[in-house]
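Here you get one chain, nothing else, as structure tokens; it is the form predicted on its own.
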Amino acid sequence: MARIVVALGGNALGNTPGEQIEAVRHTADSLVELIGNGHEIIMAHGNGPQVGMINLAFETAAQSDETPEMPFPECGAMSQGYIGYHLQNAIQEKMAERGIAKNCATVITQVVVDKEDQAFKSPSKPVGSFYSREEAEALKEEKGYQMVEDAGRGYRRVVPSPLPVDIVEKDVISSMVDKGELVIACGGGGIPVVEEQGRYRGVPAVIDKDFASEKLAEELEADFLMILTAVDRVALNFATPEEEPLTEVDVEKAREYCEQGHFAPGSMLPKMKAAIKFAESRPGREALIPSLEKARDGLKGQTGTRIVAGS
């Protein structure tokens, strides 16, 4: 039996609540299969599209009536709540179908960041919907958003993406996991907070869910960090005639590939960097990057990319 932190991207959860309900049922099948095989699963997820849409909805409502604008940290908390609700509902249903007597609950999670993190000076994390160039220019003019082209799929708003320093609720999460419960935590990378005079204050940013998942995996003494993605394996020269899938790679070579620019900053690069950090954090730890559909096979080494510490 292994303890595994599983990270699921926000883009895999659909663009509407209806789409998300359908998507999480598919996700639940794969996760419950791992649980049924005796593994301890802790789940984290992204929220890039969802938190952006929540924030935009409140801003739009505030322009037309007396609805107050909602601060970005609170939008992050809302996204954790409604994504977690859909996930735990679907997972609980699948576990009941298989006769697995476990509880599943979402912990609204605060993640500490350094207020001096350079990310606050250079926003880079895409959130919300995709827009055309014309729509992006209009949002920049109207709302002052910073907009960037995202992996050839359109333009998105970017916000600061500081690195996680600590997880406020780590002891609560650890206690629940030790009791055998399935926990959903660090949703959307966690609500970013800074510590000031013994108190935590939310800040307008989004922590990358891959780095938050890595921090969670370290804190919980996990054996594996599994970062689910849309492809069966990480590849060099992706989507070109020279594409080369990676089956297993040590952290030194993986870091070299990152420095050579093989992975897109808004896509595979943070996954690889988080995998490297976890694999080298303690002897025996491994990171896996498989597709959602083949999560179990990835754990067996039959598919996916495995990142391991060098000898």
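In this text, residue numbers run from 1 along the sequence as written. Rigid core: the largest C-alpha set superposing within 1.5 Å between the two forms. Since this is a predicted model, take the numbers as computed values, not measurements.
Unshown form predicted in complex with a further copy of the same chain; subsequent notes refer to it.
The closest heavy atom approach of E69 to a further copy of the same chain in the predicted bound form falls within 4.5 Å.
Contact annotation: G301 falls outside 4.5 Å of a further copy of the same chain in the predicted bound form, judged by heavy atom distances. Looking at V159, you'd find every heavy atom of it more than 4.5 angstroms from a further copy of the same chain in the predicted bound form.
a further copy of the same chain is not shown here, and in the predicted bound form it never comes within 4.5 Å of any heavy atom of K121.
Although a further copy of the same chain is omitted here, in the predicted bound form all of I21, A57 and M78 have a heavy atom within 4.5 Å of it. Of the listed positions (Y131, F238, Y85, F224), a single one reaches within 4.5 angstroms of a further copy of the same chain by any non-hydrogen atom in the predicted bound form, namely Y85.
Only one of L228, M147, C104, L220 lies close to a further copy of the same chain in the predicted bound form, with a heavy atom inside 4.5 Å, and it is C104.
In summary, the region of this chain contacting a further copy of the same chain in the predicted bound form, judged by heavy atoms within 4.5 Å and restricted to 267-275, 282-290, 58-66, 251-259, corresponds to 58-66. Counting a residue when any of its non-hydrogen atoms is within 4.5 Å of a further copy of the same chain in the predicted bound form, the hits in 153-176 run V168, E169, D171, V172, S175, M176.
The rigid-core alignment places the CA of G84 less than 2 Å apart between the shown form and the other one. Relative to the superposed rigid core, P164 undergoes a CA displacement smaller than 2 Å between the shown form and the other one. Note on E22 and R156: their C-alpha atoms are more widely spaced in the predicted bound form, a change of at least 3 Å from this conformation.
Whereas the shown form places them at one spacing, the Cα atoms of G128 and D65 lie at least 3 Å closer in the predicted bound form.
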